[in-house]
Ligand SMILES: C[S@@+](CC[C@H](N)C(=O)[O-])C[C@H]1O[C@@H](n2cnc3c(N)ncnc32)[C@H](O)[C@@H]1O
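Just the one chain here, the form predicted on its own, laid out as structure tokens.
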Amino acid sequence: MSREPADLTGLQQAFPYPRSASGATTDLASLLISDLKKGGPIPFADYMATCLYHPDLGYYARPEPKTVSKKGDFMTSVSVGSVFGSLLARRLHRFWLANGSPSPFTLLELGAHDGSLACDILDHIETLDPAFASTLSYLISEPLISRQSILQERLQDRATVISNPSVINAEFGAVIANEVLDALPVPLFLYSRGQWHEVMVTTANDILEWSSRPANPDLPDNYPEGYVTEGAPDFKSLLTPLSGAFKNALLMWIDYGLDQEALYHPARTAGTLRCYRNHRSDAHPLDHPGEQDLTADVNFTAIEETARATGLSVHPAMNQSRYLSYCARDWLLAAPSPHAVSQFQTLIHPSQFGNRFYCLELTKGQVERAFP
């Protein structure tokens, strides 16, 4: 492999935003710069993991700022209102009934953030079917200690917060993960001078800067000079403990993303990595570490391949508009309020959440999927 250094112009074109004069002055930036001076450059995936999940200074560890809301940094389907949670509750209820109403039924949520989705699901299940509610054991997996206490305080005895799924040994249940996959740290690659380079983060003059090293990712080598893209995150480390936690289960993943062919199209020269801060995405990934979201589109092909390799059955992904419309059939016939219908329309509208988001279901064991 050639040792010729990469031309980093492609990174400048992928992230053309002006650098902030104060972009490297956060507490986390100071810590990163200090570590980089001692240990040298780190892969972008490690940088992204630190920015999002540092136990004290990471973006998702911050106890005060409301990142997910109209007044925060970005919106999710949960932010639209309680209808999203109520429709997922109906999906779970149908699955439970189709499999003989097992008791107990263990429901595990990943990436619960402030617990809003858990509250919406639990509230609706309690009114939908008290018998289902009585069998339900709601667990939330949250590795960040700072968020564990916030979640447990809000949910009280309605749910149990655990640090990871390895403690679960459930006969029957389900997993819900809304906008979890897009927040997994991804490696970043640059095609330059006829070869691939892994993008690294370094420091110069006490600011964060790009660097690179030769790499050999499982990607074609016919891309244009300066092509930037992401590799798949470590899906295996995510799915393996989940598969082992249940003998029989439904796993529901809701996120924005693409299949592998679209994700790595030659025309997608800047990849999908982006930042969110105050509902704006025009920020540089090396600015404001710990104070802005870093996210990338989900490679649905890669997670489906990993799911099969871990013993899970894969069912065709569909856009959120179609998925929630299936979930809402009985609910719509019951004449919901105009306000609730307005929320539903936002969730399924092509220009809102309907076409951008996809829903992927996986199953474990001998189960009746009961969909659509």
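Just so it is clear, the structure is predicted and the values come from calculations on it, not from any experiment. Residue indices: 1-based, along the sequence shown.
Heads up, the form predicted in complex with the ligand isn't pictured, but that's what we're talking about next.
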> the ligand in the predicted bound form: within 4.5 Å of a heavy atom of each of 110, 179 and 184?
Replying inline: yes
> Ok, 212, 141, 86, 299: which has a heavy atom sitting within 4.5 Å of the ligand in the predicted bound form?
Replying inline: 141
> Which one, 192, 76, 243, 272, lies within 4.5 Å of the ligand in the predicted bound form by heavy atoms?
Replying inline: 76
> Does residue 238 reach the ligand in the predicted bound form, with heavy atoms at most 4.5 Å apart?
Replying inline: yes
> Is residue 60 a contact residue for the ligand in the predicted bound form, using a 4.5 Å heavy atom cut-off?
Replying inline: yes
> Within a 4.5 Å heavy atom cut-off, is residue 277 in contact with the ligand in the predicted bound form?
Replying inline: no
> Is there a heavy atom of residue 53 no more than 4.5 Å from a heavy atom of the ligand in the predicted bound form?
Replying inline: yes
> Which one of these stretches, 263-271, 111-119, 220-228, 194-202, sits within 4.5 Å of the ligand in the predicted bound form when only heavy atoms are counted?
Replying inline: 111-119
